[in-house]
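Take a look at this single chain in structure tokens; it is the form predicted alone.
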Amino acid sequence: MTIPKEINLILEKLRKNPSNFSGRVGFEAYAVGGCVRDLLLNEKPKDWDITTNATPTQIRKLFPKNFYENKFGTVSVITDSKDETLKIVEITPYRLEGKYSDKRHPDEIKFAKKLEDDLARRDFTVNALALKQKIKNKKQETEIIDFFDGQKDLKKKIIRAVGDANKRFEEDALRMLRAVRFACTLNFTIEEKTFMAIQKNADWIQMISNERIRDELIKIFETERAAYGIDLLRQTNLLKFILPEIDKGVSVSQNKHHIYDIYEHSLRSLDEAAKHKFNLEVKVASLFHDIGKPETKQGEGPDSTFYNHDYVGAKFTDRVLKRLKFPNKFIDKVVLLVKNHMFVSDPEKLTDAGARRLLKRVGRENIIDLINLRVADRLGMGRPKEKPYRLRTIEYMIEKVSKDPISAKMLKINGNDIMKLLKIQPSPKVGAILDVLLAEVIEEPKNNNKKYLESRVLELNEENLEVLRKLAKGKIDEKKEEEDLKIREKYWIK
């Protein structure tokens, strides 16, 4: 087991330096928690924690480069390491914790005298491990302190609460979600009594802040076993409190175009997105893309329909992600993907004009992510053979039309040109004429030349404002495409 030199130096300094307070020669000191677990799993720790019987004041005296801004006794020691995981090492005194009135934070913190007391307050046995460096026969050896059979649980690949699981979760309800997250990230199972305690007390998760829940969900989404993690939330009863909109899809059947119910299809889509290592926005969108289906379902059996589920789903997605306090930019991206996931992808149906309208609607920067969402959606339906040809064809068409005009800014004429040509002041009519010109150029890109556009401006000037608006709306033809999507869904052509 290789212990970084920065950690060895801190442990050694705590053990060997006189305290200057009590006259003792040094303190007890151990690496503790997740870093020990990771070492035993032959993985590089993501961060390092040390526990000791020194007080915060004593720790700070030994390590002057520190910051101490919490009520839990943790001193953050700043090292000179170039390794990001070692730049800050947290040192916390042994401690005991009082009652948890809010199911998250202890009402009272007391410093303990024994390592065992400190480890007994921790969440799971695999995190209640301590590591000690000792000298034997002039050689440095590593000793693992394990009061709760954490090493056995690592070998058995199980997540088990330290002591009484009900008590651990009553102390901190977030631990229930953390159990799922660890099972997901480590590819472990949750031990039976721990699992049952989560099922029994799942409603306690409502007392945890949405920000903390969001952070744990992100860690689940970031693994290749994200779908396993989400389904564990369902099995443990947590899903209906964290993502009730997803839980509503459980056992809701679809039409004869689908072989899975809404929930299982969404889960399989997420699984494909995770396996393909798509980005976080696509993963979240793959789980949420059919979130509007339970609300829009009409009828039962093979002929049931889900008209406008993409638009309803986009609204639901916006609401869920705002509730979980995701950043606005992230929310906008996922909502855009969900809203547009039903874009025409049949190479025989997707015209150049349709591809340009798609680019205008979602933005060139989002096209690849939208295609990736469609790939996850298709594979999640159990249709792997459709991926390569469709994907190549769509990418080809998008690239082919990517330089064609898709916004008024790309026209070879602008508002100032129109006002100068018509000798008029700024008015809604200028914008309406630009809309009509854009609509025409989207349909026929070769018309994007100044001479032609100027002649059209003179012609369009003869129309009144209301006619221009109707003309632009009709030519852009967004409504027609929306109706086409509804008809395609009616006949199970997704």
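All values derive from a computational prediction rather than experimental measurement. Residue numbers here begin at 1 and follow the sequence given.
Keep in mind the form predicted in complex with adenosine-5'-triphosphate (ATP) is missing from the figure; the text below concerns it.
Peer 1: Based on heavy atom distances of at most 4.5 Å to adenosine-5'-triphosphate (ATP) in the predicted bound form, which listed stretch, 117-125, 299-307, 192-200, 267-275, is the contact stretch?
Peer 2: The contacting stretch is 117-125.
Peer 1: Does any part of residue 245 reach within 4.5 Å of adenosine-5'-triphosphate (ATP) in the predicted bound form? Heavy atoms only, please.
Peer 2: Close contact is absent here: in the predicted bound form, residue 245 is far from adenosine-5'-triphosphate (ATP), nothing within 4.5 Å, heavy atoms only.
Peer 1: Under a 4.5 Å heavy atom criterion, is residue 429 part of the interface with adenosine-5'-triphosphate (ATP) in the predicted bound form?
Peer 2: Residue 429: no, not in contact with adenosine-5'-triphosphate (ATP) in the predicted bound form.
Peer 1: Is residue 181 close enough to adenosine-5'-triphosphate (ATP) in the predicted bound form to count, meaning some heavy atom within 4.5 Å?
Peer 2: Residue 181 belongs to the contact set for adenosine-5'-triphosphate (ATP).
Peer 1: Although the partner isn't part of this model, could you tell me whether residue 231 comes within 4.5 Å of adenosine-5'-triphosphate (ATP) in the predicted bound form, counting any heavy atom of the residue?
Peer 2: Residue 231: no contact with adenosine-5'-triphosphate (ATP) in the predicted bound form.
Peer 1: Mind checking whether each of 37, 172 and 175 has a heavy atom within 4.5 Å of adenosine-5'-triphosphate (ATP) in the predicted bound form?
Peer 2: Judged in the predicted bound form, 37, 172 and 175 all sit within 4.5 Å of adenosine-5'-triphosphate (ATP).
Peer 1: Heavy atom within 4.5 Å of adenosine-5'-triphosphate (ATP) in the predicted bound form: which of 219, 412, 167, 315 fits that? Just give me the one.
Peer 2: Contact with adenosine-5'-triphosphate (ATP) in the predicted bound form is made by 219 alone.
Peer 1: Exactly one of 28, 454, 47, 463 has a non-hydrogen atom within 4.5 Å of adenosine-5'-triphosphate (ATP) in the predicted bound form; which residue is it?
Peer 2: Of the candidates 28, 454, 47, 463, 47 is the one lying within 4.5 Å of adenosine-5'-triphosphate (ATP) in the predicted bound form.
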